[in-house]
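Heads up, the chain below is alone and in the form predicted alone; it's given as structure tokens.
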Amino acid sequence: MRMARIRPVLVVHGGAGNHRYNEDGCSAAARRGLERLRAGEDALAAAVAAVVAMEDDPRFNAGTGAMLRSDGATIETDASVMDSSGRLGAVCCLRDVRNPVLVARQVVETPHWMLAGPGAVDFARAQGFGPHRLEPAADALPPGAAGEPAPAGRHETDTVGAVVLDGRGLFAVASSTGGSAPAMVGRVGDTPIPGCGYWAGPHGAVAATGVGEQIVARLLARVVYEWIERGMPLQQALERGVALFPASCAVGLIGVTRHEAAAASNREMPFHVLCDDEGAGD
């Protein structure tokens, strides 16, 4: 009996409050992930590759674009990965690593699910990452388009993330953040916390962006995933998740299921959906 064809798809976001001019960075990141899928790698590898591309782009608040903490001197980053086969890894309060999501991916191969602070740094060094001194990125927005004035800055830029469905039916999510501004040294938001900033299971994958303290209080990613699991259309579930927050609180969501890929936000949020029409299941 011939197996039903699965069309691989990726959704990438650049943070709730970031500017739409930066969508080219999201589309480039999605293409990077698609390259991994076409090379025979799985959904988790594709999600990680997409996030690495955004960590390397200083327009996004992750990796090279991370923000300073409230002491005016410290940069700490968080990252996470998860897939529907049960693989899970995260890091928080990581310093002097260019690509935190790659360290989170390596945590998957340990007996643990999260490493924090100096222990995360020691683990990163043992895995061959760094040291790489992160510097606060200058605003890197292009001039205004179509007669619009140039935007003043990166606004509320937050977590970046990617969700993926591969040709085998595996779902995955990866996220990375340089924190929020201002934030105390040692502050951790939703990005590395499963069920809050991200979730992946047999029915799909969800990634959140926005004010971490508010996202954690609502277990946002897991709640939205449960709506999807019960049969709610993806776009409706994402919009319902955003509606849980007051308008004063920046929040955004992306998601993918077997048949849908979508995004929703109460702020401008650069994102890109990329389907692989050449992909097929085994």
Ligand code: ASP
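Bear in mind that the values here come from a model prediction, so they are computed numbers and not experimental data. So that there is no doubt, residue numbering starts at 1 and follows the sequence shown.
Beyond what is shown, the protein has a form predicted in complex with the ligand; the following relates to that form.
Using a 4.5 angstroms limit between non-hydrogen atoms, residue 191 touches the ligand in the predicted bound form. Using a 4.5 angstroms threshold between heavy atoms, residue 168 stays clear of the ligand in the predicted bound form. The ligand is not shown here, and in the predicted bound form it never comes within 4.5 Å of any heavy atom of residue 106. Although the partner is absent from this view, residue 212 contacts the ligand in the predicted bound form, with a non-hydrogen atom inside 4.5 angstroms. Of the candidate stretches 106-114, 90-98, 181-189, 120-128, only 181-189 has residues with heavy atoms within 4.5 Å of the ligand in the predicted bound form.
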